[in-house]
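Below sits a lone chain in C-alpha cells, taken as the form predicted on its own.
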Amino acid sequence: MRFFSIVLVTVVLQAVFMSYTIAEEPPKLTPEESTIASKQYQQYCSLCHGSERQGHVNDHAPSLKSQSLLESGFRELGLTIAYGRAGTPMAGYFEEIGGPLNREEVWRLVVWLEEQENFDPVELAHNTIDGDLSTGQTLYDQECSTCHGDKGEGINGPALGNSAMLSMTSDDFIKHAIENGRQGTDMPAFSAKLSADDINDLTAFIRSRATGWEVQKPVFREPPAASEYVLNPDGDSPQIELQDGLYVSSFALNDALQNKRKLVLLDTRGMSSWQMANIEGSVPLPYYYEDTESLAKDLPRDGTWIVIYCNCPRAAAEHVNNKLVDLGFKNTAVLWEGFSGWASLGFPISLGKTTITNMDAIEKL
C-alpha cells in the first residue's frame, strides 16, 4: 500500500522528528507495532473519532477513514496529533507539551491510520484559488453553515473557522473536500451541485477566514523594509535558553514577543507560504536563495537575537541558520516546533494575500 505521498511522508516524519530522507518510504509497521498503535488509537482517539475511525462521535471530530481526506494527503496529520488544534477540543498528545505519546508513538499512529485504508493518493497542485469572497460567503451561508456554523465554529461538522487548520492546509485541499465530500459522513460532494466558479468562490471565502471569521479580503503584503527587520528595537534582549544549543520553543518565543523583546524573526519558507500566513513581523528569507550573504546584509550584527523558522518543522530553518553562522552572525536560534507547530498551539498568525499574479510584484521580492 502506498503512503499518502512523498510530501506527507516528509512532513509527518519531520514533524515527529524521525530521520528518514525525502525519497525514503518509511518501513511498514510490524504486527506488534500495529497492535500497539491500534490500542493507542482506541485509548486516545476513539472517544471522539469512533472505534472504527468513522468520526463525528463527539466534538465534531472528523472521520479518519474518509477516502477524500486520505487521498488528498492531509499533510498535517502528524502535527495535529502531536500539537492538537487550538480553539477546538482536539488536544495535543506529544509528550513535549504534556501528552502521553513520544515521537515514535506519534509516527506509528500516523502510519497505522494510513495502513487501515486502501486508496490511491491524489497529488494536489497546491495552487492558490482566486474567487469572489462575497459570493463565497453567500454560498457558505446557504450550503455550509447548518453543519459548520455561521462563523465556522462547527455544529455537526468540523470547525472551518479554526486558524490553525486554515493556516496549514492548502487551497487545493479545501477545494478537494468541497468537490468530493467526505465519504461515510454527512459531508456531500458539491461537484455536481455547484459550478467550478462557485467552488472557487467558496474555497476563497473559507481561506480568507484564516485569522478570524470577520476579516476582510487579504491584500498583498510587501515584505518588511530593512528598517523594520528588528522588532521592538527599544526593547530589552530576550533571555533565551537554547535547547541543544540551537532551539527555542514556541512558548518562549511567544513570551518574548508579548513582552516586546528586541529580536529578528526570519521565515525560511517559500514566499507564497509567507504570504498565506506567517508570524507577524517576520522577514521572508527563503531557504532556497543561494546568495544568502547579500540577502542578509541588512540583518543586525550587533548580537540581536535572530529566531529562524520554517514549516516542517526545522529542516529549512537549520539550513539558513548554518549559513548565517558561517557568515559570522551570533545569537541565532531555530524555532523548535516550526510554523505549523506554532499555529497548532494557538499562537497568533498574520495573513497576507495568497496569490501573487503580478510578475512585477514577484520581481520585487
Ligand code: HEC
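Counting begins at 1, following the sequence as shown. From a predicted model like this one, the values you see are computed outputs, not experimental measurements.
What comes next is about the form predicted together with ligand HEC, which does not appear here.
- Among the residues Ile178, Ala204, Leu253, Leu263, the one placing a heavy atom within 4.5 Å of ligand HEC in the model of the complex is Ile178.
- A heavy atom within 4.5 Å of ligand HEC in the model of the complex is found for exactly one of Ala277, Val230, Leu160, Leu285: Leu160.
- Not one of Thr268, Asn331 and Trp336 is positioned with any heavy atom within 4.5 Å of ligand HEC in the model of the complex.
- Contact check for Tyr93: a non-hydrogen atom falls within 4.5 Å of ligand HEC in the model of the complex.
- Within this chain, Asn259 is remote from the site of ligand HEC in the model of the complex, having no heavy atom within 4.5 Å.
- At the 4.5 Å threshold, heavy atoms of Arg85 reach ligand HEC in the model of the complex.
- Looking at His319, you'd find every heavy atom of it more than 4.5 angstroms from ligand HEC in the model of the complex.
- Of the candidate stretches 291-299, 238-246, 277-285, 137-145, only 137-145 has residues with heavy atoms within 4.5 Å of ligand HEC in the model of the complex.
- Contact annotation for 177-198: residues with any non-hydrogen atom within 4.5 angstroms of ligand HEC in the model of the complex are Ala177, Ile178, Arg182, Thr185, Asp186, Met187, Pro188, Phe190, Leu194, listed in sequence order.
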